[in-house]
Ligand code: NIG
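As structure tokens, one chain now follows by itself in the form predicted alone.
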Amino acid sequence: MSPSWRIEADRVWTGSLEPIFENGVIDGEGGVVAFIGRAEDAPHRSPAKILRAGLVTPGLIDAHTHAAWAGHRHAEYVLRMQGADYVAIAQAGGGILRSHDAIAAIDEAELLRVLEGRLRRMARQGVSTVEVKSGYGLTLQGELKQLRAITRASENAALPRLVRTFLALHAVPSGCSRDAYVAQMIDELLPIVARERLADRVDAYVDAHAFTVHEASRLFDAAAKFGLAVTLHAGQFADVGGAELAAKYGAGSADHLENISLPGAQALALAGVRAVLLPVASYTLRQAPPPVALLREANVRLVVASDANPGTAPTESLPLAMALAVREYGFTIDEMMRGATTEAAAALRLPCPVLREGGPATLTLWDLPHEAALAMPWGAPPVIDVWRDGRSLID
């Protein structure tokens, strides 16, 4: 028989519209919630384990990361703080190409070790699910190395649940023809990724200095033949039609969106495409925030994610991104919480993570009095424990 447990909390934020329980109790057996409600309504039982928390929420979901990186890009960060821009750094061999060099220099076993360590640190900040992209390999073998390491990590139940994304069009490696590179990613690599089941989704970076709507359309058409979902980096530096493209293909999300028009936002809303906003990146790059009021006006559902990467969002902290979403983007507390739980799950096409009777015990216990306290930039918020289906992810 699975061990029984009880969590007693000053406040339980379930993720549903109602209710929020003050002086709440969650009872369960193994990985399943058996009761959730007020302490005075809880059944009389003697569970094998009793835990206390100030706040309980669903486990956080980080819906956009490049967590399978290796190496460091601290030197270019210093240059950026001195005024160098994204394009100048990339043209000098920095940025994505620098991370490509690091992936080329590491073997799969070491990359797996680095990734697993990073995922454990992300779990310690309240995260139970992480989307992880490739996109630094930039060659057939390099991308496969990243995707195989991500897939091996996804098989480890002691880590956060992973959603694997093949970022097929991220940058063109040095010395390679652009047309030949796009053809190789679509015609050669995508069939291998699909056959070996190395990804859940396919992604492309569409922007003024990246890939075009036409190139991403070719990729998405091919992905559809393999039954792979799609998502899109769009509008980080210029609005070149990425939002409309994401809507056309029914993408799970369009991500970044610092630059988007009202028609683009309306197209996203009509297609049910979430906007994944990445405040650590825009903060680091000194960009103006996305037009959040415009997205709200169009009824686009909002997600907040860390964009964890070694250059433009050098963080492993989704709670930091959540705090910046409130401080820099004007998110409400409800938008912040849903953007890192229920809306993030919808963007990744995952089951709704609301805490409910009969549902999975995937949750975070916080030493905090209220979910609004997560809007404060703790750096490392006080997490007591994180569970994935009733199993602790914290050593």
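What you see is a predicted model, and the numbers here were worked out from it, not measured in a lab. In this text, residue numbers run from 1 along the sequence as written.
Just so it is clear, the following notes concern the form predicted in complex with N-(iminomethyl)-L-glutamic acid, a form of the same protein that is not shown.
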In the predicted bound form, which of 267-275, 230-238, 191-199, 318-326 comes within 4.5 Å of N-(iminomethyl)-L-glutamic acid (heavy atoms)?
230-238
I'd like to check something about F166: if you look in the predicted bound form, is any of its heavy atoms closer than or equal to 4.5 Å to a heavy atom of N-(iminomethyl)-L-glutamic acid?
no
N-(iminomethyl)-L-glutamic acid contact in the predicted bound form: D307, any heavy atom under 4.5 Å:
yes
Whether K145 contacts N-(iminomethyl)-L-glutamic acid in the predicted bound form should be assessed with a 4.5 Å heavy atom distance threshold; does it?
no
Given that N-(iminomethyl)-L-glutamic acid is not shown alongside this chain, does L295 nevertheless sit within 4.5 Å of it in the predicted bound form, heavy atom to heavy atom?
no
So N-(iminomethyl)-L-glutamic acid isn't shown here. In the predicted bound form, which residue out of Y77, Y205, Y283, Y249 has a non-hydrogen atom within 4.5 Å of it?
Y205
Within 4.5 Å, heavy atoms only, which of R218, R124, R73, R118 is in contact with N-(iminomethyl)-L-glutamic acid in the predicted bound form?
R73
In the predicted bound form, which residues of 54-78 put a heavy atom within 4.5 Å of N-(iminomethyl)-L-glutamic acid?
H64, H66, R73
